[in-house]
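Shown here is one chain on its own, the form predicted on its own, set out as structure tokens.
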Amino acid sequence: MNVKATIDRIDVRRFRFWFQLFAFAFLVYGGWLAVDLGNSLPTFACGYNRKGTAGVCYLLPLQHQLAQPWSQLFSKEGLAVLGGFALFLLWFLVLNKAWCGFICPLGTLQDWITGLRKRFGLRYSSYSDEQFAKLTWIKYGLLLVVIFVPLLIGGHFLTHDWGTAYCQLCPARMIIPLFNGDFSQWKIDFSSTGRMVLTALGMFIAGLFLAGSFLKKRFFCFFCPMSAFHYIFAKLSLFKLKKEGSKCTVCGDCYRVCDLQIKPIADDVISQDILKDDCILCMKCVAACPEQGALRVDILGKTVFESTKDGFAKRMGMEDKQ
């Protein structure tokens, strides 16, 4: 059996579990080993994790940079913003939204919480199509917070008390440092009205994240501004999720395993580039598809993993029954 055939038969769930575990440990504790991947990572490697983090989520430095006075931001000094963005883009283009499905510490935590719910035998909730259509826009609203609140600070329309507004709301600021025994973020800052509002909302959202993730698969990913930011540049990535509609029987297996309830993955038999804005590129849909070559993952135009009858049979434990 050749390498490609072996990959197509791989147990994606098991591979992803171990990859996520490694990535989580690396990003949350790598700083203690002096690992530093910089401050432009396209994933929630939280800068509030202090010494533990092996790199910093790009949204934190981006907000700091955009909050410069406009006279600096829109001058030669503002070129540093473009440099940070270019590095973010280079990181992102390698893996596309697989940063969400395989590397993001918050995403991994949600999958672990889902595993805990399953152990208790509790059912999870799902959204109706109407709810899904409405909720998917929230992440774009939060992305506007990431970009425009700092710009308003730089233009002196808001005070610096509203600085890094999104990070104050993000559950990563509250939760990730806990894995290094740091509880310092779990407090309301009463030093100003802006900080009080943001930190109080941050505590509420962190609690909502924990409760919601127990009831809904990948609960926070529906609202994640990093996911929205990713999708803007997804078509430029080297890493693609493709579909051959002529091979699809619209059986719905891919939709049933999708943690983000993306219906077009099953229903759309026209689009070849099937990656949607809520997709986390976990590749569970490819693994669940029983049709030869209907779904595949390409890197630089070369197929590295695709749906096959043999792979489906192996994952479903059907080999001995054929």
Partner chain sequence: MLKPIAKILLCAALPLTAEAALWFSDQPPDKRLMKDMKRSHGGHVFMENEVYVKQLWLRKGESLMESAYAEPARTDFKLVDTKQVLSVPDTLESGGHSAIRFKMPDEGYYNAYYSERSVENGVLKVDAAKAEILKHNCRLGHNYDRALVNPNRWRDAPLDIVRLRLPDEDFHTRIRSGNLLKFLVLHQGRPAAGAKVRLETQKGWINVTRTDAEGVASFQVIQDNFPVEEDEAERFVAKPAEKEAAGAEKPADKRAGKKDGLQTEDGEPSKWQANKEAGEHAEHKGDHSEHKEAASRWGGDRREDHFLVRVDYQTDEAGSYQGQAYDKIHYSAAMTGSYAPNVQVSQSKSLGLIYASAGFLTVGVGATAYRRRRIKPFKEVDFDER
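Numbering follows the first chain given and starts at 1. Every value quoted in this text rests on a predicted model; they were computed, and no experiment measured them.
Missing here is the form predicted in complex with the partner chain; even so, the following discussion is about that form.
With a 4.5 Å cutoff on heavy atoms, residue 207 counts as touching the partner chain in the model of the complex. Put simply, residue 123 is close to the partner chain in the model of the complex: some heavy atom of it is within 4.5 Å. The closest heavy atom approach of residue 131 to the partner chain in the model of the complex falls within 4.5 Å. Although the partner is absent here, residue 244 is not a contact residue: none of its heavy atoms lies within 4.5 angstroms of the partner chain in the model of the complex. The stretch from 245-253, 136-144, 179-187, 229-237 that comes within 4.5 Å of the partner chain in the model of the complex, counting heavy atoms only, is 179-187. Proximity to the partner chain in the model of the complex, defined as a heavy atom within 4.5 Å, holds among 116, 211, 151, 89 only for 211. If you check the partner chain in the model of the complex, you find a heavy atom from every one of 34, 161 and 200 within 4.5 Å.
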